[in-house]
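This document opens with one chain alone, in C-alpha cells, the form predicted on its own.
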C-alpha cells in the first residue's frame, strides 16, 4: 500500500477508533472525506502547527462540525499540541476534543461549528477579512497579507438558508481566495438526500457566481489535487469543488447509509471495516511510523513559512513604518491610547436622543481611529445609522457599474469599510463572526431588534 493511502487510512481509523471508544460521534464523514482532507492538508494548506495563530496562515473551517474527529486526527498527525491522550478522550468532559469543534479549546480550531451552515458563513467572513487587510496594507513588492480560506462543507450545510445567503454575497463580492470542498455523500442523519435535496448544486452555485468543479471519485487523490490547484488559479470567483464521496466508506454493512452518519459503527463493524480496507484490527489508534514522519513534515514546513513571512514583515516595517505599526496593532489586538479621549458627550435633555443616533455618532468618532472597524447592516444603514462616512464600500472594483444608489462615499474596492450585506440577516451574523475569528478586524452588524431572532 502506498504512503498516501496508508496516511488516508490512518486518518480514517484514528477517527473511527475515537468514536467507538467514546460510544458516541459521527464516523461516516471521516471515512468518506479523509482523502480530500489529506490532499488539502499535506499539499496545499499553509500553516504552522507550532504556532496555530500565525497571522498569515491559511484558514480552514470544518463547517460539517459533526465530523470533528476528522479535524482532530489531522491536527494530531501534523504536530499541533493535541496528543494522543486527547484523541482517546474524544467527547469526554474536560477534554480538548469535544464532540463539535470549539474555538479556544483545541489548538488549530478557528471557529466553533456544529449548527450546519454557520461555518459556511464564517469562512466567507474570513475571506472578506483577508481581502480587506490585503487591500489596505499590501504594497507591490510586499504581499504581507496573502492566504486562502478553505472549508469542508456537507449536504446539510448547503441545505441551510444561512449558506444560501452567504454564498450569494460571496459570489457578488468575487472572493477568489475562498475554496470550499463539498462532501457530496448523498446521506443525512435520517435519510438519503433524494428525499429532501435534489437541486443541481453545481448549477445553483454557478448562478451565485461561483466557480464549480465536480470529482466523481472521492478517493482520487490526484483529481482532488488538480481541482484545488485550478480553484487557486481562479482569482475572480469563489470555488466549490463537489466531491462525490461515500459516507462510511469501507464499512461492509453501513457504507452509504444513515446508520454511518451519527452513531459508532459498533465493535464488529469496526473490525470488518479495517479488514476490508487492509488495516490492522489491533492495536487501536494505530499510527505507522512512516505516516508520523510524513505528517510531521508540516512542522518544519510551517516554521519555514512563518520565518519567511517574519523576514518579509521586517523589511516591510523598514520601508513602510506607519503602515506596519498600524497593521501590527490590528494583528495583536491593540487599541490606540487616545481612543476614549474625545468620545462625543450626550448631555441630558428633555427630549433625549435615540440610541441608534447616539451609537452612530460614536461610530463616526471611532472610525478613523480603528482601521479594523468594518461592517454594515442588513439593508438598514440609513435607519440604524451604521454607515461609516467617507470610508467607501467593500466591493470588487469590477462591479462598479449600473445604479449604485445607497453606496457610501469613498472607494469601491476591497479597501472599503462599509459592507453592504443586503437583506441577509442570517448570513450577516455568520460572516461577522468569521471576520472576528480571522483576527485584525472588529466587525459590526446591525438590524432592527425584531429581526434579531434571525441571528
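Residue numbers count along the first chain shown, from 1. Please read all numbers here as calculations on a predicted model, not as lab measurements.
A second form of this protein, the form predicted in complex with a small molecule, is not displayed here; the remarks below concern that form.
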| property | result |
| --- | --- |
| Listed residue that, although the small molecule is not shown, lies within 4.5 Å of it in the predicted bound form (heavy atoms), from 110, 130, 269, 183 | 183 |
| The small molecule: the contacting residue among 264, 360, 114, 176 in the predicted bound form [heavy atom, 4.5 Å] | 114 |
| Segment that reaches the small molecule in the predicted bound form - one of 148-156, 88-96, 277-285, 207-215, heavy atoms within 4.5 Å | 148-156 |
| 4.5 angstroms heavy atom contact with the small molecule in the predicted bound form for residue 36 | no |
| Residue contact check: residue 188 to the small molecule in the predicted bound form, 4.5 Å heavy atom | yes |
| Residue 247, heavy atom within 4.5 angstroms of the small molecule in the predicted bound form | yes |
| The small molecule contact in the predicted bound form: residue 66, any heavy atom under 4.5 Å | yes |
